[in-house]
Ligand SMILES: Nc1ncnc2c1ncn2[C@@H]1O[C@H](COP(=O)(O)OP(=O)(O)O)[C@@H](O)[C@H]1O
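Here's a solo chain for you in structure tokens, the form predicted on its own.
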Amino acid sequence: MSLIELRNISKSYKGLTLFENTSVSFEKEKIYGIIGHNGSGKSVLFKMICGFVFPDHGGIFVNGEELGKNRRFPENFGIIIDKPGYLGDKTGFENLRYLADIQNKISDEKIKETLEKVGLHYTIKQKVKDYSLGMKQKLAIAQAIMEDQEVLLLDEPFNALDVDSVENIRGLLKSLNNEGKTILLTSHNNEDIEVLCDHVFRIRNYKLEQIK
């Protein structure tokens, strides 16, 4: 059984047709790349898979359950979609602790460990409002992975990262995949896609077509 399956979905968003009667499935423990021009629907695709928006027609199934029927948001998903909202007058650690308190699944030590993995030292007293764009991106990645989510949906995870940070995050994602995580990501950098992805889908003519 597929981990994620889109069955004959169609979707218009803000007056634009993005998908028409398209179907695709994603298997466990793979890294998938989604590519397409700006406005082609990559972010909306991820929002549908998360249950933030629903297709106009067709269905989206996660572990065999259709979103919007018995479940709105799938369990064990870590996501980066659009720009995450943070408390600007708090540190990165304080922001993640606040988010972690919602489910109370992880310790302070786990948060500190995750910050170190993405290249943010937990001892930094700097407020998030004073973070660079790259630091905010690292914080977003930390938020997505800190609770050991089984599936990661990462929309442009390498935005604003310097060369060394890109290499670090690529290595981190490979390591997470080797641990059994399933990853769907988008990137405008072809090298990210080539280096990381087992399979690649392009959004074209309102369909998802597999090119790798």
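Fair warning: this is a prediction, and the values are worked out from it, not measured in the lab. In this text, residue numbers run from 1 along the sequence as written.
Separately, the form predicted in complex with this ligand exists; it is not shown, and the next lines address it.
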Pick from Ser40, Asn159, Asn168, Asn63: which residue has any heavy atom within 4.5 angstroms of this ligand in the predicted bound form? Ser40
State yes or no: in the predicted bound form, is some non-hydrogen atom of Leu154 no more than 4.5 angstroms from a non-hydrogen atom of this ligand? no
If we define contact as a non-hydrogen atom of the residue within 4.5 angstroms of the partner, is Leu67 a contact of this ligand in the predicted bound form? no
If you check in the predicted bound form, is Leu173 within 4.5 Å of this ligand, heavy atoms only? no
Spell out, yes or no, whether the shortest heavy atom distance between Ala144 and this ligand in the predicted bound form is within 4.5 Å. no
Can you tell me which of 23-31, 54-62, 144-152, 41-49 lies within 4.5 Å of this ligand in the predicted bound form, counting heavy atoms only? 41-49
Pull the contact list for 13-28: residues with a heavy atom within 4.5 Å of this ligand in the predicted bound form, in sequence order. Tyr13, Leu16, Leu18
